[in-house]
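As structure tokens, one chain now follows by itself in the form predicted alone.
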């Protein structure tokens, strides 16, 4: 009982003091996974393709496109491979991720290393399309969607794909158990639940609150399986799916065995260890 009280007191104090995982921690985490992020793209890129729809792109002018939180540039590269009259601004806070895009020589592309919110606040540019892949959980959607509205031309669209509530089932509980057992090793807590919409209905609700109308929206889910629990944890670390969790502890390497033991208990199913990625994707138009 005393240990439980000490754990939640410590956690609550850090939350009150805002001593939590922050944008610089996430940047460092994505800098680390920049070399292995291709593993995520190989599995999930086919779903990102669904928001890059020629059907919803205006045909009568040169398009100004913002690839927001672009990572290694999967969306920008995909657009540049199409026969589209456009200019693209690709922005991300991780300099190492951007290195995978900066070596692409194309005069239609401008690469910007900057915090996304600060860029939106300060830019004087207006865009016809904003693409946003897999980064919504790292932003306050209320602040973000107001800024999207600010930088879009009338009738502009947002193409988005994002994790939703129910993704990475049990993983948060696994980390909470390990944090509780090793509370003296906890440096910073993290909690992104409130930044995840409740499926396509939740995503649509969020956008309509800020003057957007739904053009197309869908739910999806992928189950990734592994032979060993160590492989599942490696997937979480190398794809950025659990970005920020390594910053929770003083020495993440000392905690790994505890995480693996919990994964072994919880995520075993019919001879395999599995993890789910639940998401929603859609196209929304500014009314």
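Just so it is clear, the model here is predicted, and its values are computed rather than measured. Numbering follows the first chain given and starts at 1.
The following text describes the form predicted in complex with a small molecule, which does not appear among the structures shown.
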(message) Is residue 210 near the small molecule? Define near as a heavy atom within 4.5 Å, in the model of the complex.
(response) no
(message) Within 4.5 Å, heavy atoms only: does residue 66 come near the small molecule in the model of the complex?
(response) no
(request) Give a yes/no on whether residue 168 approaches the small molecule to within 4.5 Å in the model of the complex, heavy atoms considered. (result) no
(message) With a cut-off of 4.5 Å between heavy atoms, is residue 23 one of the residues that contacts the small molecule in the model of the complex?
(response) yes
(request) Tell me, please, which stretch of 249-257, 220-228, 34-42, 55-63 lies within 4.5 angstroms of the small molecule in the model of the complex when heavy atoms are compared? (result) 34-42
(message) Suppose contact means a heavy atom within 4.5 Å; in the model of the complex, does that hold for all of 145, 157 and 206 with the small molecule?
(response) no
(request) Could you tell me which one of 178, 97, 130, 88 places a heavy atom within 4.5 Å of the small molecule in the model of the complex? (result) 97
